[in-house]
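Coming up is one lone chain in structure tokens, specifically the form predicted alone.
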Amino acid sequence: MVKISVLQHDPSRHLATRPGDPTPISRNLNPNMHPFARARERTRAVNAAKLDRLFARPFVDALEGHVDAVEVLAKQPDSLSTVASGSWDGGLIVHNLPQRSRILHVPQAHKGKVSGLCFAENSRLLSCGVDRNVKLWNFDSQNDEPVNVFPGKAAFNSIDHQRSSQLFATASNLVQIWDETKSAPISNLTLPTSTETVSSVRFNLSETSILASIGSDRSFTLYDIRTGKAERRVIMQMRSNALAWSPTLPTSLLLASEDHNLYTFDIRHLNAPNQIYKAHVAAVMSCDWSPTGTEFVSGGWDRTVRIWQTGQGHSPEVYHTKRMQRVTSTLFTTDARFVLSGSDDGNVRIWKAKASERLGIVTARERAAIEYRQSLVDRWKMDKEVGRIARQRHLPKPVYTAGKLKNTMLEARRVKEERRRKHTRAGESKPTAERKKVVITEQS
């Protein structure tokens, strides 16, 4: 009698579970059976990096309407689509991003430039300008007249609203706290020895009684509005142009500096920054965090917009166009998918946060393929060819030339310090780390 052995297979392991799904394939995962698997994976990683750069089309659209340079941008915290912009001609526009339309357009909201914007509750918007007025608008009513006007004694440079109350702060020659229900400031925040012009103020997103400001005398100050006085004040090497609080780490703060760099500080330790971000070749004029807290955007006078990964101080994503002039304001949308920039040419431009991301409906199979290619690039980013392709960015010739000149100057400074330590008595002291040179002193 002949004994017959029958191989039985489970049909569910060889048939697609749903119509349209790929047919399951059985694979032998023994590495000895696939001696060329690593070489094939590297080739796939190189191709994935090339595809990522090939499909990098970050520019989405430009929102027109301003006659002069766009000075400031603001987003509504509880909306994915509403963004406001103010310009040097005094114009104010509230945009609807998905429809590319204007919810509110006031050509002469202020006499002179609009220097600050922030959203309040119930579809209201606060704006300030160099005409010494703060105006409250209701953009749902389609009314060109402000709901309320708060007169001041000096030109305003910035404004910010608390998330959970009717208080807002303004920056001029001092920091003032206002109440929406009162026509005069309820408190003034200043230091007796300071003669600065405050250029920007921001409330902490978690501890709303903490307020940060930067000034023209290279100062960075922390206030507590409950005590009505400055708690900590730091004098830096160069003045800062913008600041932003991290949305996920309440003690983390981002500063955009005049020395072409950005700095992240922990407010518990203000003697030195946590990280220095170097790539701009001109003054950095604006910065804003992503809602996820893992990246942030910056714009500067080198006419580029750069997207940085938190903790990585080099090799940011770079966006630029032929017509875009000096970038004065940048913004992340509340869904972290898009970046907005305002520049001297009067346009508000919309960019993709991920340059090669595909807009529209993406199927599950396409999403899986995109994630697989991204994981390949991440796994092989230390490879010489994969890393070079992933890092390479084409820059305008003036930016590239300025970058080479800046590197030459920094190298000459490094060589000079090295020779001074080697041949003079100044070399007896230990060299100072770069992070230790940013902050000069702290005043109390």
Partner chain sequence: MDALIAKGNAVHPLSHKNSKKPQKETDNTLSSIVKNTSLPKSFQSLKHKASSNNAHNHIANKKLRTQLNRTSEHIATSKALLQDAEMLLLEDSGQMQLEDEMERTWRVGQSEISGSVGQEAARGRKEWKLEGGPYRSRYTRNGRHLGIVGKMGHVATFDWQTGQLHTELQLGETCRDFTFLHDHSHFAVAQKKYVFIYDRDGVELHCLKAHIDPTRLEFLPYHWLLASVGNPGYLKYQDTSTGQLVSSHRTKLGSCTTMAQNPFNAVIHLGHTNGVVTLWTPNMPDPAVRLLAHVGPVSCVSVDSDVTTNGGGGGGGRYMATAGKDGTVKVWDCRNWKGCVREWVVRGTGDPEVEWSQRGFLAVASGGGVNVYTKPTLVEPHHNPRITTTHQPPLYLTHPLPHRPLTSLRFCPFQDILTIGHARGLSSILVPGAGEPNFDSGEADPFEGKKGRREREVRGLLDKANACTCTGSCPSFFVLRSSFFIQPDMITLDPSSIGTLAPPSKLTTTTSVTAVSSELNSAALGSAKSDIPYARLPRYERLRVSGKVDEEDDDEEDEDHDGDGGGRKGNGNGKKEDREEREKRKMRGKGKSLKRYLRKQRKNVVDPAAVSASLGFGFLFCFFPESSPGPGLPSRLLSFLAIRKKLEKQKEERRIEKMVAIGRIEGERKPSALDRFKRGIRRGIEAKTKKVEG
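No experiment lies behind these values; they were computed from the predicted model shown. Definition used throughout: the rigid core is the maximal C-alpha set that superposes within 1.5 Å between two forms. Positions refer to the first chain, counted from 1.
The following text describes the form predicted together with the partner chain, which does not appear among the structures shown.
Visitor: Since exactly one of 54, 67, 409, 33 fits, which has a heavy atom within 4.5 Å of the partner chain in the predicted complex?
Guide: Checking each option against the partner chain in the predicted complex, the one that comes within 4.5 Å is 33.
Visitor: Could you check which residue among 367, 268, 182, 153 gets a heavy atom within 4.5 Å of the partner chain in the predicted complex?
Guide: The residue from 367, 268, 182, 153 that makes the contact is 268.
Visitor: Counting only heavy atoms and a 4.5 Å cutoff, which of 337 to 345, 236 to 244, 70 to 78, 199 to 207 contacts the partner chain in the predicted complex?
Guide: Comparing against the partner chain in the predicted complex, the contact stretch is 199 to 207.
Visitor: Taking a heavy atom within 4.5 Å as contact, would all three of 224, 231 and 251 count as contacting the partner chain in the predicted complex?
Guide: Every residue of the spot touches the partner chain in the predicted complex.
Visitor: Can you check whether residue 311 is within 4.5 Å of the partner chain in the predicted complex, heavy atom basis?
Guide: Taking the distances in the predicted complex, the answer for residue 311 is yes, it comes within 4.5 Å of the partner chain.
Visitor: Please run the contact check for residue 430 against the partner chain in the predicted complex: heavy atoms, 4.5 angstroms, yes or no?
Guide: Flag for residue 430 set to no.
Visitor: Is residue 405 close to the partner chain in the predicted complex, meaning a heavy atom pair under 4.5 Å apart or at it?
Guide: Heavy-atom contact with the partner chain at 4.5 Å: absent for residue 405.
Visitor: Considering non-hydrogen atoms and a 4.5 Å limit, does the partner chain approach residue 385 in the predicted complex?
Guide: The answer is yes: residue 385 has a heavy atom within 4.5 Å of the partner chain.
Visitor: Which residues from 122 to 139 come close to the partner chain in the predicted complex, meaning a heavy atom within 4.5 Å?
Guide: The stretch does not touch the partner at all.
Visitor: Superposing on the rigid core, I want to see if residue 433 changes position between the shown form and the other one - specifically a Cα shift of 2 Å or more.
Guide: No; residue 433 is a residue whose C-alpha shifts by less than 2 Å between the shown form and the other one when the cores are overlaid.
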